[in-house]
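Only one chain comes next, encoded as structure tokens, the form predicted alone.
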């Protein structure tokens, strides 16, 4: 291996690691706020990427129908759940959030979907479709189980994952898709070329990392999420809505997943079930951070990306095995030395 190949592998590892870092952040956030090990995180990657690819060729993605179904189901369930406390204001708010919003997105997509559309406009339209699915999914599948054990929530997450994979096959079919790059800007640093998509991955990841830091450190909603993650009962006692925090956490999760899917579309072919494997690599990074530490998760994600790149070069048949074996010593160490904490009743 010469120096140029080494640089190419490091670049590839850093690019993949940036994607895994975003997914790791989403997994840590959801677990900290809701205690859910969010297995379906990868489905937002696949849905986001494939929706973006379909919009890029001027087709109306079928996920818009899924958004409508999720929105209506979420609205009906919430109205039934709060039927004895319902006011006119809350009724209008539920109708607006669960039915009017998906309909508005539907008509916007029908109006703007064109084959010659700007990639950045398709980027925004994809987010408009995929991001609301997160809060809707939380209200449908997880909010009724908010006080259940972590194991019960994990079983529910596995069920949601299997359902979303099946829906992905129905909506996108078995064929893989790719999409054009977000930007054609490129340059060469020494002998190492940087494509527009690589630059976009680095720029978007850094911007989102900074944005998340400011959100959690400077905004009221971000501080409410931190309070809920630190002590759910204490958060309720000071007037923070735990259910509302869960919806925000899922919205951020679907947002990060959709962006990750869009960023990987130009560099790899994405299928309806591709997101699961990518999400698991983000999960490996999140486990290194104990599903609690964002900085450790970020460093671990970069390490996972670099190890994967070198494994692809030296032992491509075993690269997935090598990456997922990284989690074994971490789990062993935590099981032996981490303090045993009884789950809250």
Partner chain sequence: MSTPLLSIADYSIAYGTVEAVHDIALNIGDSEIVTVIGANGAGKSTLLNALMGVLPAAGQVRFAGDDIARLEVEQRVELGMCLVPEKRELFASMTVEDNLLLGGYRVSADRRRRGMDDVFRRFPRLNERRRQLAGTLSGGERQMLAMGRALMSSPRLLMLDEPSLGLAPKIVAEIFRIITELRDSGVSILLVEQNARAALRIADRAYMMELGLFTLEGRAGDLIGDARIAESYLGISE
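None of the values given here were measured: they were computed from a predicted structure. Residue numbers count along the first chain shown, from 1.
The form predicted in complex with the partner chain is left out here; the points below concern that form.
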| item | value |
| --- | --- |
| Partner-contacting position among 206, 214, 233, 92 - heavy atom within 4.5 Å of the partner chain in the predicted complex | 233 |
| Heavy atom within 4.5 Å of the partner chain in the predicted complex - the one residue of 149, 241, 186, 269 that qualifies | 241 |
| 4.5 angstroms heavy atom contact with the partner chain in the predicted complex for residue 177 | no |
| Residue 114: touches the partner chain in the predicted complex, heavy atom cutoff 4.5 angstroms | no |
| Residue 224: touches the partner chain in the predicted complex, heavy atom cutoff 4.5 angstroms | yes |
| Distance check, residue 170 to the partner chain in the predicted complex, heavy atom within 4.5 Å | no |
| Options 177-185, 79-87, 255-263, 153-161; stretch whose heavy atom lies within 4.5 Å of the partner chain in the predicted complex | 79-87 |
